[in-house]
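Presented as structure tokens, the chain that follows is alone, the form predicted alone.
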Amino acid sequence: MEAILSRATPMLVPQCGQLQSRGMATLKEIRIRLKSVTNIQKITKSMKMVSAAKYARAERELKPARSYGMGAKAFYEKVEVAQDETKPNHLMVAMSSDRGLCGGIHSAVIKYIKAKMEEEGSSDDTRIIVVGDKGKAILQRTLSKNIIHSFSDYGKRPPIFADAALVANTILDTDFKYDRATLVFNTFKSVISYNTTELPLFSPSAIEGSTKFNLYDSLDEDVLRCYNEFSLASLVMFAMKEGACSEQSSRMTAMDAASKNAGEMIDKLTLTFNRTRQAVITRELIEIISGAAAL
């Protein structure tokens, strides 16, 4: 009988010890998770405040920048310039940035470009110029052969006209002989919404071939070339400002949603922590009372 009890005693002690350590480990894991989620919530709240300040500045800068884009569009509309959709060589300019944590604002531009290429049928005659590393990273997965130029280190500071002029010069000096060009970007609509739109980019030959170009009889070749370069830079600047404002508003909305989700997770973890701690205390009291009753 004593031999049987001596063999049974070592089996009972580890089981009780494992049950207690398992409960304490669960409490420790919940406490660590609760602390990490609380720290994440502090970060998301700080990023929301920073994005709100940057969004206010981007919205102020967007209003004067729209006059550049609207003025260039008005000239092309009055001249009635049109692109020949039947010609194959197509150049697309995607406007994104280097920064993330702003919802699906970058993927919306890439999805628009992919849908446009699928609609046209063949992607062999389409080339893409990407502004921003986020858009480039998405396009490289499936359309790496179509990318002819990309710009990095963009989006960390507000866009200026020099950035737009650099992109415009790259479009004008590209080796790809395109018949038509399209600028794809996000247009700011409200704090919680934006639209992915496109703008046609015209070459000097397309402007000269328009129906009402003869109304401007005082325009020579140099004046037309200079105006086309300036209007192209103005349109790119307009797209950059629209994209920057949309990005900041989307980031502010995303960080607000992340803060709310973290708050809900903190409430659930706090409730789980309190229930687990109460269960551990209750179990220990039952063991103490059972031991005292056995004596």
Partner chain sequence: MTAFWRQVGLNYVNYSSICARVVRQVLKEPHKAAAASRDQSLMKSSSWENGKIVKTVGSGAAAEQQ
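Positions refer to the first chain, counted from 1. These numbers were taken from a predicted model, which means no experiment stands behind them.
The form predicted together with the partner chain is left out here; the points below concern that form.
Among 148, 74, 101, 115, the residue placing a heavy atom within 4.5 Å of the partner chain in the predicted complex is 148. Screening 107, 144, 174, 89 for any heavy atom within 4.5 Å of the partner chain in the predicted complex leaves a single hit, 144. Using a 4.5 angstroms limit between non-hydrogen atoms, residue 56 is distant from the partner chain in the predicted complex. None of the heavy atoms of residue 50 is located within 4.5 Å of the partner chain in the predicted complex.
Not displayed here, the partner chain is kept clear of residue 180 by more than 4.5 Å at the level of heavy atoms in the predicted complex. Contact annotation: residue 169 falls within 4.5 Å of the partner chain in the predicted complex, judged by heavy atom distances. None of 228-236, 65-73, 248-256, 35-43 except one has non-hydrogen atoms within 4.5 angstroms of the partner chain in the predicted complex; the exception is 228-236. Every member of the trio 157, 160 and 165 reaches the partner chain in the predicted complex with some non-hydrogen atom inside 4.5 Å.
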